[in-house]
Structure formats: structure tokens, C-alpha cells
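Coming up, as C-alpha cells: structure 1 and structure 2, two forms of one and the same protein chain.
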Structure 1
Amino acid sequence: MRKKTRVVKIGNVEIGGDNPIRVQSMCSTKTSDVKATINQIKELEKAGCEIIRVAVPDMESAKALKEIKENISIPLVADIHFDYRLALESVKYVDKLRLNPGNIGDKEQIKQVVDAAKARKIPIRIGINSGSLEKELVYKYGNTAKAMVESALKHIKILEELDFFDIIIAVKASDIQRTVEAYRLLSEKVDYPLHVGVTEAGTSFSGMIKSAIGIGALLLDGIGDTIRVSLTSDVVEEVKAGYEILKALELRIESPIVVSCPTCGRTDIDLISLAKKVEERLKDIKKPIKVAVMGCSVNGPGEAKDADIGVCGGKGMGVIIKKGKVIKKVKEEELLEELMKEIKAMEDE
């Protein structure tokens, strides 16, 4: 069961509540390099990225946000540290600010930023990172999930006291245990939508595994309203991995799911190649159906029954199973085409 959270609007995209779990990313370009940043965002949009964040380390980057915003279609988020003036400039152009209010200036400066965000109905995401916790909290609690949550609550309180509630929160650590523990703790204390991710996850393969475990474990608990997979790699891969995690959990299915068995000594057909071909052919199918590609008669029929449609191999022959019934017995070499024929018919239904 998904945890009930408030709905917060980022431009034209709602997150939290019953909205789909959103997939987002962050540009790796210099924000001041407007052309490169726009190009990267356009690539990300094509991959399905729904919210994009860019770093704003200086005034040149803040001013660049105007032109970037005018040239993209998805909500733009400015990532700001330490300097309230960058926030005041950014807030004119973007759909969300990511900043920790306690870090950006004195009381009056914080109020200026929060008032500007309130006036423009722009939410603020508080992003706690285990690597940059307040010294006094680390002293009190160690560098723990508890310290991260206390830090988040401190920043939340600053916003709430200024009558600001359009809040999204993240509490990311570079290890999975602390990350998961922090989100679980936080989720019990607040009903703001949560932005979930494991920070500094690492390069492509190991980062993907780390993010899948951390984000996945939280989503299984019903925690998480928007996710970001952090990879030291091409940003488009982050978006693909994000959707793959949501698909694996059947939380957001925009395309067919293939379940296929690992091959074993009972497999009489070339299953790896068949499963890959099926996946390839399904790329153009938009309907979220579950397709089983099974090798043998032991587990195959049972699993294929679970799926909307499936094939189950045998010696030279195979069967097509639809919603629990064997509808056709066909030669091995005709399995793929017969399966696709059935799937296309289902798509038209």
C-alpha cells in the first residue's frame, strides 16, 4: 500500500497523493552552457524524464535558467547551496527550488526566498545528504539515519514557521541501509511527498544495482513519490533505470512486461534468443500486457497462466497460452510469429 502523501505541483506535473511515481534526473552539463543544457534536457524528455534539475552554483547559471526554461517542456528545478541571492534570481524562472533553507542565509534572507517562492506558487525541495550534515547533529547522533531525519525536520520547521507547506523532501546517503532507514523514519513523521534516491551510487552497473535495491525496497514499503537514480554515467541511463525499477515493481507500466525463465537442463528450445527477440518485437507495443516466455513444461505452464499471453517451449514444438488456456500448438520456428500475432490482436482489442 502506497503511503498517503500531500499533492505538490511542480509546473504542470503533480507529485504525491495518487499521482504516478515520477521519474526525474539532473543535468550533467554546465548550466551556464545554455545550448548544451537544453540539448541534454531534450534528450531526457525523449527518454521520459518528467522533472529536470540543474545546478546553480553562480549568478551566470541562475540567469541562464530563463532561456533554458523557454526551450524545454518539462518542469525545471534549480539546485542551490549557501547563497540566497541565487535562489532569488532562480525563482523567477523555475518550477521548483531545491535548497536547504537553513543553509542559504540569515533569517531575513531566508524569508525573502520563501516569500518569493510562495508568491509564484513554487515548491521547495529539502535535500538532506549524509555527506553534508550539520556538525552538531553528527555530534549528537553520529552520522546516522536519525541525524539525517533530524536535519530534515529542522529545515522543514523553518519553512513551516514561514507558513510554507509546498514541500518535498529527500534524505539520501551513499549507503543503502542508512538511506532506507532514513526514509522509513521520515515517512512516519511527515506527509510531504518524498523524493527517493541513493546518492553517489557509483558507475553504471554497480550504481544501477545499488539504486534498484534502495529505491526498490522503499517503493515496496509504499514510500516514494518521485525517484531519481543517480549514476556516474550518461543521464539518459538514469531515466531508463528509473522506469525499469517502476516496471519491475509493476507500479508504473507503460509497455509490456516480459517474464522469462532462466534456462536449465530441462529447456528444449533456444530460450535466451527467443526471449530477446520477443523483447525486441515488443518495443513498439504500448499496451501494458504481461508476456511469459518459458522453456519447459515444469514451471512454464503455471507461470504462463499468470501472464496475459505466453509461449511455453518443448521438443521442436511449443504452445501459446492465453489467459490460462492453451490456444494453439505450434512448431518451434513459428512460436515467435504466432505469439506476436496474438499480441497484436490484443493490442487492437
Structure 2
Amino acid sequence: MRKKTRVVKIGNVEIGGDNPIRVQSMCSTKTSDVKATINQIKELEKAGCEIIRVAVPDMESAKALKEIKENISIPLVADIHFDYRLALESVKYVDKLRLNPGNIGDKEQIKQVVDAAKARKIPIRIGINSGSLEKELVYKYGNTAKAMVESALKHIKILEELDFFDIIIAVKASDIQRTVEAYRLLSEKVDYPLHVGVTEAGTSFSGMIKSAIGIGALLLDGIGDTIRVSLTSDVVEEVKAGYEILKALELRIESPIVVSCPTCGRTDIDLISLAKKVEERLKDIKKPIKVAVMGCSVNGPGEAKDADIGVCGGKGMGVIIKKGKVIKKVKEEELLEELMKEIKAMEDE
């Protein structure tokens, strides 16, 4: 069962509570390159990204946020480190700040930022990474999940003492075990929404596997209100992977689910090719249907009957099964088109 957290609003998107688990990403462009950043965000929007974060390393980037915000449709988050002035400029234009209050300035400077966020109803995400923990906490606990959680609680306390409670928290490590342990510990101590991910997860293939395990484990625990799959890859892949994780856990199903067998010596059709073609043809379909692509008569009929629609192969031929019933028998070379014809009809219903 999902843990009930308080609701926080980021622009026109609500997170926490009973709201859907949101998928977000971060631009890889230089924020000061306004055109490139806008173009990348638009690509992310098409892929389904619901919240986008950009780095703000300097004042040029902070001032660029105004034009960026005016040309995109999803909430914009400014990622700030070390300089409260960047936060004060950014808060004029964005929907959320990502900063750790303890590292942007002295007490009065922190108060200025918090007051500005409060006045504009802009939430703040505290983001703890294992690679940038305070030295005293590493000395006390080592680079552990406990140190990460204590760091998060310290930053939360700063905001709460300034009467600020529109808070989101992340406690990420680059390994799965510390990440999961940190979120589990933190979830027991706070009811703020949690942004979940494995930081610096790696390149596309290995990063997706690490992220799926780490994020998936936490979501199965009921922990997590937003997610990001952090990849050294095209950022659009982060969004696609995020939705695949949610779909695999049946937490958000907004596109077809494909079930296909791994093939074996009983397979008499070119199932691998067929499954890849089906998946490719389904990528633009938004109806949440379950499609089975099976290769033989052992598990095939049962899996296909359990799906909304499916194919089950035989020797040079196959059957199409819809809602548990065989509706037609076709030659192998006709399977793809006949299946897609039936899927299109279901989409139009």
C-alpha cells in the first residue's frame, strides 16, 4: 500500500497524497542556451515528462529561466547550489526550487529565499546525494544511509523553523542498497512527498537496470511520489524508462503492455522479429491494453487468453485471440497486420 504523504503543488501539477506518481527528468543542455533548452524540454513533453529540472550555475542561467518558462507547458524546476542570489532570481520564474538551504548562504540569506518562495507559493525540494554529504556526518556515520537521512532532516529543520512546509525530499546514492535503505529510513520519519531515484545510475542499459531495481523496490514498499531515471544518455530515454517502471508495477498504465515469450525449441515462427515489430507499432498507441505475442501451444494459448488480444504461433501460421476467444487463424506473414488491424479496432472503440 502506498504511503500517504502530504500534497504539494508544483505549478499545475500536484504530487503526494492520492495523486499519480509523476515522471520527471532534467535537461542536459546549458540553461543559458535558451533555444536548445526549450527544444529539449519540448521533446521531453512529447515523451510524457511531467516536471522538468534545469541547472542554474550562474546568473545568466537564472535570467534565462523567464524565456524558458514562457515557452514550455510543464512545471519548471531550478537546481541551485551555494548561491542564494541565484535562488532569489530563479524563484521569480519557476515552479519549484531544488536546493539544500544549509549550503546557499547564511541564516538571513536563507530566510530571504524562503520568504520569496513562500510569497510565490513555490515548493522547495531538498536533494541529498551520497557524494556530497557534510564532512561531519561522514565522520560520524561514514558515507551511509543514516548519514544521508540525518542530512535531510537537518535541512528540513531549517525550512520548518522558517515556517515553510511545501517541501519535497530526495535521498539518492549511486548504489541500490544505500538508496533503498535511506528512503526507507526517511519515509518512517516524515510525511513529505519523496522524489525517488538512483543517482548517477550509469549509461542507458546498466542505468535502466539499476534504476528499475532501486525505484521498483521502493515503489513496491509504497514509497515514492515522483521518480527520475538518471541516465548518461538521451534524457528522453529517462522518461520512457520511468513510465515502463510504473507500467511494470501496474501503478500507471497509459500505453499497451506487451507480453512475449523468450522462445525455445518449440517455437515455429520468427517470434523475436514479430514481437519487436509489434512493440514498435504500438509505441504511439495510448490505450492501456495487454497484448500477448506467444510462440507455441504450451503457454501461448493461456497467456493470450489472459491478454486483451494476442497471437499464438504454430508451424508457419498462428491464431489471433481476442478477449479469450480465437477469432481467426492466419498465415505467419499475415500475423502482424491482422493483429494490428484488431488492435486499431480496439483503440477506436
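These numbers come from a predicted model, not from an experiment. Start at 1 and count along the sequence of structure 1; that gives the residue numbers used here. Basically, rigid core = biggest C-alpha set you can superpose within 1.5 Å across the two forms.
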query	finding
Form predicted on its own - which displayed structure it is	2
Rotational displacement of the minor rigid part between structure 1 and structure 2 [degrees]	15
Rigid-core-fitted C-alpha displacement of L339 between structure 1 and structure 2 (angstrom)	5.7
